[in-house]
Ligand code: AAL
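Have a look below at one chain only, the form predicted alone, in structure tokens format.
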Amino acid sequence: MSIGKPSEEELDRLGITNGEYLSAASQRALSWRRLDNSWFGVFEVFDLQGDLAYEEGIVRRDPSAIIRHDDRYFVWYTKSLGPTDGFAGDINNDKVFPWDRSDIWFATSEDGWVWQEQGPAICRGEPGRYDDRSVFTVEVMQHEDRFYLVYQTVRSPYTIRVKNEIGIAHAASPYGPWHKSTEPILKPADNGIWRGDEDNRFQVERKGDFDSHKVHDPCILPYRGQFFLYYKGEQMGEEITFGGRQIRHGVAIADHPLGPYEKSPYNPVSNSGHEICVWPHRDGIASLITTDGPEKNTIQWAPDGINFEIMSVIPGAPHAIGLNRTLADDTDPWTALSWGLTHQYMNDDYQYIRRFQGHRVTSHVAKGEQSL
């Protein structure tokens, strides 16, 4: 790596002993961009009251973003019943994941703490449809006078090699009724090739694109007169790399919320991540990257919604964050992360929804010490 001769000020700031003898680590540090701490912060998580409190025997997970309508907060989420059986039994009748055999429900709250479950919003489709096995991991977008839910779908049977897709529904009210798309609006790439007939996701002749196996965690944002559908991709033959699971994000773009969506030729737009958590900020798009990959636990920002750069490294974030869409502004990237919803594992079978609160941190002060 060629970085030129470092200045004395740069050496002093980074504590580098001798500019003539630079380790690989020192060279990387000298190449970092100079950023302030406006993108750094921490999270706390709290229990909710009402119908979203933990309930034995029920899975509630993957909360959507929160919107406000008629003086109430609304959230949508994955709901299923009973324990998880895995793939060892009868996949035609068992429940292979907590999000298997799920429907999408919604709840409302006046204060963001006490929630009332209102009932199902999106149910599984009729037998033979692309969404007949499960609908889950939902996000909401309010645009002009309509509401849109975008979510994952699985067709029966739920095998290891099954290819998840993405559906959409729209309504004139957050209470519904919801009109579902008759076909998926996004599918995995079709350029991977499985090896053999064994139901094994790691045996491949060709891996294909980063999203050749599954498209997950969809989220649509209105952006620059178009609609950017961000999603998580899983690749056939997914590897474990130095950052853990090989998970990356992509984006597909449309001129109308219902599509058609065209995947960006720049995909993937992240090297890491898990659940999608994106929000508009300063004419660009910010993204919270968690859980998987070499750039996990970072907040990134793209001035064009595609070319993301790391803005901060954070200690970690709650799972499956659902942002409070009423909070985002351009003054502080952490405003959008002030509070929202998340899910937490009580055990392998059951998850429940909790509230997170985040705050920006710009300095470190030890107990009893005075800050500058």
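We number the residues from 1 along the sequence you see. Note that the structure is predicted; figures quoted are calculated from it, not measured.
Although it is not shown, the form predicted together with the named molecule is what the next lines describe.
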{"item": "Contact stretch among 178-186, 255-263, 112-120, 210-218 - heavy atom within 4.5 Å of the named molecule in the model of the complex", "value": "210-218"}
{"item": "4.5 angstroms heavy atom contact with the named molecule in the model of the complex for E139", "value": "no"}
{"item": "Contact of W99 with the named molecule in the model of the complex (heavy atom, 4.5 Å)", "value": "yes"}
{"item": "Contact flag, D131 vs the named molecule in the model of the complex, heavy atom cut 4.5 Å", "value": "no"}
{"item": "Any non-hydrogen atom of K232 within 4.5 angstroms of the named molecule in the model of the complex", "value": "yes"}
{"item": "Position in contact with the named molecule when the complex is considered in the model of the complex, options R124, K163, H274, R201, heavy atoms within 4.5 Å", "value": "H274"}
{"item": "In the model of the complex, the one of Q152, T290, S270, Q300 near the named molecule [non-hydrogen atom within 4.5 angstroms]", "value": "Q152"}
{"item": "Residues in 332-352 close to the named molecule in the model of the complex, defined by a heavy atom within 4.5 Å, in order", "value": "H343"}
